[in-house]
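Have a look below at one chain only, the form predicted alone, in structure tokens format.
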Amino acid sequence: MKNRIIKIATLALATAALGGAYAENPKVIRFGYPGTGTGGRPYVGGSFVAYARAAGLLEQEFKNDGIKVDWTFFKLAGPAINEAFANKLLDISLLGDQAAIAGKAGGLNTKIILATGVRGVTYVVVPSDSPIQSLQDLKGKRVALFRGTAIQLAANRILEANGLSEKDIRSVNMDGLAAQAALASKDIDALFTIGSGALQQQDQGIGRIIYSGKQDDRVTGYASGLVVDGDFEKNNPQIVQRIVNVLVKAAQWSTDDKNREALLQSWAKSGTSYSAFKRDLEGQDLQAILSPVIDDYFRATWKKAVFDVKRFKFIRNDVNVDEWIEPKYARNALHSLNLENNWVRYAADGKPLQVTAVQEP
């Protein structure tokens, strides 16, 4: 009897040491995404995670385990996702830099486990018949930007690079869909927006783009990452690894140029047109902007974001990016899928690294 008790205790200690490797699988994986499709559609575009959702890849992965993947698309984007993490209503989510940083600085137990995007493009749009021609013309105007999200950080960087600040405009806090509607009704004079929505408004004759981050090398593009709840990751490391494996395969497919047309069609399920996505990606290298690799440039981009978010006084507490990022899941996925050399790695300054062998951070 005594020996049996010792064996049980030893097994319990081993299980604890493995970080819950033998814990019972969850019945549901609660996956979040900032933003929604047109009219609240449960589809989005602009990332390989969006493609994975459209193709049902995670659902296929966990079907035989009886694990449901429950997607929630947050109209209020990053701030709402942080609230869901805080209330233990979410396990994992794609999240833009400013919101993720604000959550971490506020005490959220999260980890960044995969790169989902860098060099994101920000646009400034005005009504199609507006007399506004440049950023300087925004002084004193009603300008929509989504506070607490990557859009606000991008807007402040852009304004600063052009000799302005948020104090020079009459900023109006609006989510993306509300801002697009307000622009169409001319209740605002301009909006800062990320991605293809600006192109769609221009196609519809509603808006006119006066600024594109594609033509402004002074401003670093926003970044996004896959963020996981720390307790979920600790209790379900094998599940987290499988999620990352699926998403890395989705990234491989999404960044293969021969799949570009199919990728855009999958994103168009969101209600944003294929044409808008196509024009948004013109001149952009999918391999660079949608790489899942946690390289020096990804880390540097997040460190710069932390510095700027604090400098613009959106947060008070600091965030240690090196401790926050957990690269082992991405590293394991790239190795097991034989994709270690599929994407170019970039140095902290954004220049390609010339290496003969892969060295994971």
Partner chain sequence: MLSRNAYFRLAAMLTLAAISARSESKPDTASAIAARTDTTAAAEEQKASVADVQGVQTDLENYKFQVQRDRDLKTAQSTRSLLVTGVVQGRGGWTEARAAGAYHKHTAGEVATALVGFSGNLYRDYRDARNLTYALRFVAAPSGGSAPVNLLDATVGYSLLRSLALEDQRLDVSFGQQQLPFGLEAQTTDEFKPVITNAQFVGALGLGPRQIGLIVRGDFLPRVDYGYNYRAPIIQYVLGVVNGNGQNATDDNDAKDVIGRLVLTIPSDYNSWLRQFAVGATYYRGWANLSALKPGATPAAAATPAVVSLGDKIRTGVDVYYNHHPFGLNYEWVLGEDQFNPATATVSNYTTGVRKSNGQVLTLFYNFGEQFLRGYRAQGRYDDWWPKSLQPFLRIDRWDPDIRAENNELDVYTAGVNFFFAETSKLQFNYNRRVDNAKGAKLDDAQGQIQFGF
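Keep in mind it's a predicted model, so treat the numbers as computed, not measured. Positions refer to the first chain, counted from 1.
What follows is about the form predicted in complex with the partner chain, which we do not show.
- Proximity to the partner chain in the predicted bound form, taken as heavy atoms within 4.5 Å, picks out 312-320 from the listed stretches 56-64, 332-340, 312-320, 292-300.
- The closest non-hydrogen atom of N87 lies within 4.5 Å of the partner chain in the predicted bound form.
- The partner chain in the predicted bound form comes within 4.5 Å of a heavy atom belonging to A80.
- The shortest heavy atom separation between G195 and the partner chain in the predicted bound form exceeds 4.5 Å.
- Interface residue remark: Q98 is counted as part of the site for the partner chain in the predicted bound form, having a heavy atom within 4.5 Å.
- The partner is absent here, but in the predicted bound form a heavy atom of K186, alone among R260, K186, K249, K234, sits within 4.5 Å of the partner chain.
- This chain appears without its partner; in the predicted bound form, the one residue of G140, G283, G163, P131 with a heavy atom within 4.5 Å of the partner chain is G140.
- For the three residues F74, G106 and I206, a heavy atom within 4.5 Å of the partner chain turns up in the predicted bound form in every case.
- Residues R170, S171, V172, N173, A184, K186, D187 are the members of 170-201 with a non-hydrogen atom no more than 4.5 angstroms from the partner chain in the predicted bound form.
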